[in-house]
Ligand code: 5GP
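In structure tokens, the next block holds one chain alone, the form predicted on its own.
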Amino acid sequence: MKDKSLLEAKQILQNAHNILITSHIRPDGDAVGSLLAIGLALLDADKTVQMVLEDGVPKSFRHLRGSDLIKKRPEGEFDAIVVVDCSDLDRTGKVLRKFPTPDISIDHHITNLDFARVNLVDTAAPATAEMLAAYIPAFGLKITRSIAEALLTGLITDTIGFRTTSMRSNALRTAADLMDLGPNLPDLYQKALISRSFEAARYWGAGLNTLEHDNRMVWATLDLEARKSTNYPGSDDADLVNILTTIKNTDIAVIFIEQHKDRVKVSWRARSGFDVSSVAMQFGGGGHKPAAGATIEGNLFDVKADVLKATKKLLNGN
């Protein structure tokens, strides 16, 4: 079945001339890296390609070749539409609202809804970038050094430096093969995971000041005032949630990011054995068993109360 789907996807890409590629809102390294990898490979094959992300490219990934080509909205008509690293159409924002069903979906989220004509979904893969490292040659396309850098960035970020519970040996082999094409792994690691702005560090401080814990669960809150007082320009958590996972004797970490007065972004992280994607889905979100998220309409106080209640129920059930 997988071989048939790969062949169908290959034929779609070979027959198309104008191709739209997109991914999810608030893109992470896997979204940006995967989008750039397939986009650059198709450009090198003399295809006309538009790469679109509704929220644009985060600063930490703008060093990647081709990132300046990514637009915030599509223009014109397309022969094929490809969605990467995205579990459902709503997660693409407004990008695809005026277009028909996407032709190809390439993703690794367990909550993927099989929304495209051809769905290449591998929930065992730690990153969509790992899948594309195999799929791009299977499509008859080449992986150049720039494409390898994009794929490595996706792999590095979604595994948080090869240390998530989703890691598998094939991911390390893939990383080694990509390194052989010339990318500087330590440099990509530094830019994608370690370097951050002064404002982001202050934003972390504001969040850590709200840290709470209960029965092997910790959580922190980043409200609008924290963003304003630290001059942090983004609407995310600056990866603070991954710091919360380092706290000893913790099974689940949750972070609440107030994006507007009546909208809260929630991110969950969990140790092996806990499926936080099941909680995220209760609130219209999704993701993976150890890492999930949701954007919830409502005020911060009520959202926190509802989410903590549901998450504690999962924790106590396990």
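Predicted, not measured: the structure shown is a model, and the values here were computed from it. Numbers for residues come from their place in the sequence shown, where the first is 1.
The same protein also has a form predicted together with the ligand, omitted here; what follows describes it.
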Next item on the list: Tell me, yes or no, whether residue 191 is in contact with the ligand in the predicted complex, where a contact means a heavy atom of each within 4.5 Å.
Entry: no
Margin query: Taking the ligand as it sits in the predicted complex, is residue 295 near enough to touch it, meaning that at least one heavy atom pair lies within 4.5 angstroms?
Written below: yes
Notebook entry, point to check: Within a 4.5 Å heavy atom cut-off, is residue 103 in contact with the ligand in the predicted complex?
Noted result: no
Notebook entry, point to check: Using heavy atoms and a 4.5 Å limit, would one call residue 109 a contact residue for the ligand in the predicted complex?
Noted result: yes
Note to self: At 4.5 Å between heavy atoms, only one of the stretches 246-254, 36-44, 54-62, 260-268 reaches the ligand in the predicted complex; which one is it?
What the structure shows: 260-268
Item checked: Contacts with the ligand in the predicted complex, stretch 4-39 (heavy atom within 4.5 Å) -> 24
